[in-house]
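Quick setup: one chain, the form predicted alone, written in structure tokens, and binding and motion questions come after.
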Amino acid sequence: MPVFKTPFNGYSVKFSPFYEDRLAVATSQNFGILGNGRLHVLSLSPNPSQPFTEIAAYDTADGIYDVSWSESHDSLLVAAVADGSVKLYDTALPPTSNPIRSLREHTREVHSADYNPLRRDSFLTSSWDDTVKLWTLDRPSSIRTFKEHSYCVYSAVWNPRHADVFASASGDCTLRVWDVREPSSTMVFPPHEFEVLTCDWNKYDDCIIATASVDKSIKVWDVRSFRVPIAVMNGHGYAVRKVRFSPHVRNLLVSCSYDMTVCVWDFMVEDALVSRYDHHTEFAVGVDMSVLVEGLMASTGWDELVYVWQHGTDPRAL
């Protein structure tokens, strides 16, 4: 299946919600510690000898840690940048016109960006400045800043069924659930005893959320009763960097880890591990599942490679 070589270390990969052959990749030089960043917009080709076409590439002075596609405009992307800025890009415009906006409010690295799938003009960013910010396309400054975490907020994700609800995962070892109509978070609990690096909502049950941590585990929770997790999945050898629920199968989720593997899990069965892919040769830090093509997966990592493959096949097979 297709492989794309990036000049810098991969950090995040996202399939377009509009085009089944399109994806975006966020990258950072020198493992994101110091140096430039580049955002790649790629198109999958049916020709295996030339599997990717690069539609656009945007350079930044600092690393890019995450990217999110707009849910309202098929050419619009939001990038989370290590200098604390949030940059908006429009692939329909020439490179010289990009970025179309650079939003500077976070005081430290921006680690995640997530577009609202229901209220399609708004998006979230989370940062190492311990905050989450809510933005809309038509305003040059954020609408609101959510300040309750006491350490880096690694991930903030919208609930796919409720336009005002999101969750945030933090290095303070907590998960918080927020409603933007409320003055403070509506729920907080410690899903792990160590830093929580990622979270994602189930796409079929709006009360189910997955978390993953430095403790190497993935846990699935029902936010209505979070004393005991629905499932605990152990199998990664190091910290779990990202977790994503399948857009097509209720019980399926995918994870990637510093152990260099990508794993697929069924959280409703006892032997939860469905597949383990070991195609990366450095930390696997970005993973996604296509909304438009069932079973199509993508991953990226610090080995400067982007893989796209069908679940159940070998990512390295041509």
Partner chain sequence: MSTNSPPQNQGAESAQPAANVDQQGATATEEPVKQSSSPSVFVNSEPMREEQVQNAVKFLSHPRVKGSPVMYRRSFLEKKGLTKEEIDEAFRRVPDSAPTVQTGGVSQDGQVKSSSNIQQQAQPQALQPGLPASTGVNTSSATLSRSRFHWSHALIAIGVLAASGAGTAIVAKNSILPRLKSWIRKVVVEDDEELKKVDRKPTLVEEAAQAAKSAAAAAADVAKASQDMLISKEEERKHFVEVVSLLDKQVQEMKSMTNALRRMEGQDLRITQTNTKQLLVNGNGKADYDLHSVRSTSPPVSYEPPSSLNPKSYMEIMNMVQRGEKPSNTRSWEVGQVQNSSTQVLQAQGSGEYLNSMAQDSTQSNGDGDDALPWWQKKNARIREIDNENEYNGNGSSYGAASYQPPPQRTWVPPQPPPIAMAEAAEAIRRPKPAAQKDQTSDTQSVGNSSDVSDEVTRIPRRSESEGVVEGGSTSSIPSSVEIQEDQELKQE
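Residue numbers count along the first chain shown, from 1. A quick note: this is a predicted structure, and the numbers were derived from the prediction, not measured.
Not pictured, yet referred to below: the form predicted together with its partner chain.
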item	value
Its partner chain: the contacting residue among Val188, Ala231, Leu93, Leu137 in the predicted bound form [heavy atom, 4.5 Å]	Val188
Residue among Ala113, Ala210, Leu197, Leu77 with a heavy atom within 4.5 Å of its partner chain in the predicted bound form	Leu197
Three-residue site Lys147, Arg176 and Arg224 fully in contact with its partner chain in the predicted bound form at 4.5 Å by heavy atom	yes
Answer range among 269-277, 288-296, 252-260, 39-47 for contact with its partner chain, defined in the predicted bound form as heavy atoms within 4.5 Å	252-260
Any non-hydrogen atom of Leu118 within 4.5 angstroms of its partner chain in the predicted bound form	no
Touches its partner chain in the predicted bound form: Trp302 (any heavy atom, 4.5 Å)	yes
Touches its partner chain in the predicted bound form: Val165 (any heavy atom, 4.5 Å)	yes
Its partner chain contact in the predicted bound form: Phe52, any heavy atom under 4.5 Å	no
Residues of stretch 231-260 in contact with its partner chain in the predicted bound form (4.5 Å, non-hydrogen atom)	Tyr238, Ala239, Arg241, Tyr258, Met260
